[in-house]
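The chain below stands alone and is given in structure tokens; this is the form predicted alone.
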Amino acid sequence: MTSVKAVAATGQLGTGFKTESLEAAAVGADFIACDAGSTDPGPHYLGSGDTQSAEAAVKRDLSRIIATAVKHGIPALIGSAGTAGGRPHLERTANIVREIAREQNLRFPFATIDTELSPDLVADAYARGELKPLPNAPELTDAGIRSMSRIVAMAGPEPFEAALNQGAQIVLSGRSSDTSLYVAVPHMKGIPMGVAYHAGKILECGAAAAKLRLYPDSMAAILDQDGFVIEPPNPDFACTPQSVAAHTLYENADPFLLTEPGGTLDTSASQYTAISDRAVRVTNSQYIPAEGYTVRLEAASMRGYRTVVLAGIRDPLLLMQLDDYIASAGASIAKKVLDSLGLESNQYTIRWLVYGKDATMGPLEPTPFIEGHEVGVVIDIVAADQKTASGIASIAWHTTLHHPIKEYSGLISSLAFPFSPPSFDAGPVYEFSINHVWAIEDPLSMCTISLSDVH
């Protein structure tokens, strides 16, 4: 029976793993993979081109992954380069790969998969009616699409397979599905897609499917025609049926269905069986092909520039009437901003986050009451430029600091600032501006694959 051994170096490139774990897992492996990105930290990285992980941390992880892959003569696949998977993220990470090759005197065929799309290309597809909104997708306009800061397509396994078929050993992709880099090799070797996708879902977060993940680390799985066995190479970790099944549910809108570009993984009939005190076998996972192939698009658009004020309040009289106090202070701030800066309230935004009340969930908070003796307040100001945002912030914190309440007479000071100055310029602000799928006939049409010999 055909079997494939897959290795996840860690859950996200730059978070680290034990060298011993990767070395143990790589013995007899068919490939190593590692995801490098996420939308979890928000739209900033996609819009700005910045990366979440420090370059030194990415280089540390990549150097060990590449060296291990070259040593064992197997492919290494990296997805969603540089956090957001845009062109600058891909290029920056590719330069690190080339630097590692030079420093370690390594030679290998190296492929990059560029999945960034031009706004004009996407706007034309929108005009042809080829974009379908996902739930809670923002409204699109032609002008809005063409002004977006960056748009990426989420690649499936096909571009990875194409790069490997062209002879690549190290493959670095822009934005890609978390599971796609774990599906490519098993699919090429004849493993059923239901098995490949479910194993990929468990592997993509590294050791996160262990019963107790003490720190980021590697994970390994052996796939065959009927299912897969998942087992951590680190002897301090163990998988249980519950821990593996729980990770199947992780980050899923539906507990049993995981939609991918070419179809849907259905785990409703999956069986999780302990075959040792550390390993679990998973069977009965199904894959339902889609009627048409779609790729999910992600985009970020610039909203303005942010300045943030941090403060604490522990005055019991204020805490008893905090909502009214903030509303009254906000009205006073709006008047002062109009008088001092000539700005109407629709030319900027001010958002109040009250930690200790409802800052995390906002209007969805089921118990929006202050139960302690103090709260933390964040005043979030966004305006057209940084100078304006900073100027509004100065008015906001000074006004709120001395805003009166009826219980006191004379000037009061109601805020405690942990820092001087009380406000911080946070730079450009981005928002996610596309959550749509694009129906395409050729899975390779949304990317550009480049192959070179690196040494």
Partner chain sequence: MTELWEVAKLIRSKNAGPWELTIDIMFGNQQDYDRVAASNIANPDTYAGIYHLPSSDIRVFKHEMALALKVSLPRPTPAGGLQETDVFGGQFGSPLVHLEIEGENVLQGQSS
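Computed from a predicted structure; not experimentally measured. Residue numbers count along the first chain shown, from 1. Here the rigid core means the biggest group of C-alpha atoms that line up within 1.5 Å when the two forms are laid on top of each other.
This next part talks about the form predicted together with its partner chain, which is not shown.
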| property | result |
| --- | --- |
| Sole residue of 375, 322, 74, 353 within 4.5 Å of its partner chain in the predicted complex, by heavy atom | 353 |
| Proximity to its partner chain in the predicted complex, single hit among 216, 330, 138, 192 (heavy atom within 4.5 Å) | 138 |
| Per-stretch contact check against its partner chain in the predicted complex, the hit in 415 to 423, 32 to 40, 61 to 69, 391 to 399 (non-hydrogen atom, 4.5 angstroms) | 32 to 40 |
| Contact flag, residue 252 vs its partner chain in the predicted complex, heavy atom cut 4.5 Å | yes |
| Residue 146 within 4.5 Å of its partner chain in the predicted complex, heavy atoms | no |
| Any non-hydrogen atom of residue 110 within 4.5 angstroms of its partner chain in the predicted complex | no |
| Its partner chain contact at residue 237 in the predicted complex, heavy atom, 4.5 Å | no |
| Heavy atom contacts to its partner chain in the predicted complex at 4.5 Å, residues of 362 to 376 in sequence order | 362, 363, 364, 366 |
| Residue 187 C-alpha shift between this form and the one not shown of 2 Å or more, rigid core reference | no |
| Did residue 368 shift 2 Å or more between this form and the one not shown, C-alpha, core superposed | yes |
